[in-house]
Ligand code: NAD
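Below sits a lone chain in structure tokens, taken as the form predicted alone.
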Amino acid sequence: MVIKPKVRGFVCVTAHPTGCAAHIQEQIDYVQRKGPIKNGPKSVLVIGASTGYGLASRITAAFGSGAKTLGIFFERPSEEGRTATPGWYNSIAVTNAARAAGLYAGNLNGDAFSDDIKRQALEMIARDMGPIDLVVYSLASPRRTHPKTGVVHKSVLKPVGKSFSNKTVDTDKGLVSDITIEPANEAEIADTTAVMGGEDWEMWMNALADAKLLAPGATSVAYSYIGPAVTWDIYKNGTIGLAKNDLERASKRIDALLKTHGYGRAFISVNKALVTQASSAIPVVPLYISILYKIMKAQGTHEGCIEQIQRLFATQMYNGSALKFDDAGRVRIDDWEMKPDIQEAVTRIWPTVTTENLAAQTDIAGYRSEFMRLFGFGLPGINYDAEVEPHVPMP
């Protein structure tokens, strides 16, 4: 079938398998151009491995360090008349490339929150990989069925304590408008923390430790975001921010667990604002990203997911480097984004943006291009008018 993009709000409901493979190859090429990461991880579990920072972590570990990788994800394969999700095609492309390079690449497609997927993962690790020396926790899910209670928790993106009003952009239509979001109630706050907080990360790490499947010096990292004050009411101080606070709580507990058992460390890496399937759903944030991209590209400091994670691995986690923590004990690879001159420029531009001057004041074109690439569209060298087979089995 000929596959064209079909955008519905903040998601594209089609994905192009050849384009997704090309996007993966671009990221592999970048990591390989940067050279080997000395003393990098050799046996890596990535929980949330099919898109965004988790995907970039898997690529960096495999092609920067020659690591065995096991990717956990929850993606939909193709159906009659319907393409698979981009994460499905991404995972196939990574797996094929890794195996062609002689690297172990295992996959589990299912609910990472469940006891069953954890059990299957432990079995695969014991059988195929040996002890894990890096666990990356990068789940982004709208809901979680709690494995002990069976309760389904659904996350919300809302402010806490008061309503929030600011401008936002419809990235598809290019319309800048004001938006008001009412505050979350206590149940919504608790549900969001249950989905996006640190409890499941702790469950994974306890399961690995109990099964004695962590290597000496094993490290675990989870990804977070803080951002500028203009987004704080909906992000840092909102429901998602409270969930991220719980992720930091879990980080400290996991770090203590690892040290108690003679392993390594656990920490939070605060990353840059980027176009991902998760960030596109957050009101206000796409407008901020569009402004940020314009400023950072002009300065030559813009990074995507793969550049961020390669820099994290190569300049802080490995290569003989040492982690640099902020006052709260977090690693900050959002450091270039949060430079005062960058944020001053964002603050200056923000109130001036309108529908009429959106293209001139922001990099909305770059945002849209990056968004479409997440689904395999807009990659150079791909004939998007050609027939392509959408039904691709997981290897």
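Quick caveat, the model's predicted, so the values are computed rather than measured. Quick note: we count residues from 1 along the sequence shown, nothing fancier.
Keep in mind that the form predicted together with this ligand is not shown, yet the notes after this line are about it.
Of T171, T193, N237, T276, which residue is found within 4.5 angstroms of this ligand in the predicted bound form when only non-hydrogen atoms are counted? When this ligand is considered in the predicted bound form, the option within 4.5 Å is T276.
Go through T95, S78, N166, S141 and name the one with a heavy atom inside 4.5 Å of this ligand in the predicted bound form. Only one option qualifies, and that one is S141.
Would A49 count as a contact of this ligand in the predicted bound form, using a 4.5 angstroms cut-off between non-hydrogen atoms? Result yes; A49 sits at the interface with this ligand in the predicted bound form.
Classify D246 as contacting or not contacting this ligand in the predicted bound form by the rule of any non-hydrogen atom within 4.5 angstroms, answering yes or no. Result no; D246 lies far from this ligand in the predicted bound form.
Can you tell me if P147 lies within 4.5 angstroms of this ligand in the predicted bound form, counting non-hydrogen atoms only? No.
Does any part of Y318 reach within 4.5 Å of this ligand in the predicted bound form? Heavy atoms only, please. The answer is no: Y318 has no heavy atom within 4.5 Å of this ligand.
Contact stretch among 258-266, 68-76, 171-179, 147-155 - heavy atom within 4.5 Å of this ligand in the predicted bound form: Of the options, only 68-76 has residues within 4.5 Å of the partner.
Going through 221-236, which residues have a heavy atom within 4.5 Å of this ligand in the predicted bound form? Please give them in sequence order. Y223, S224, Y225, Y235 sit within 4.5 Å of the partner.
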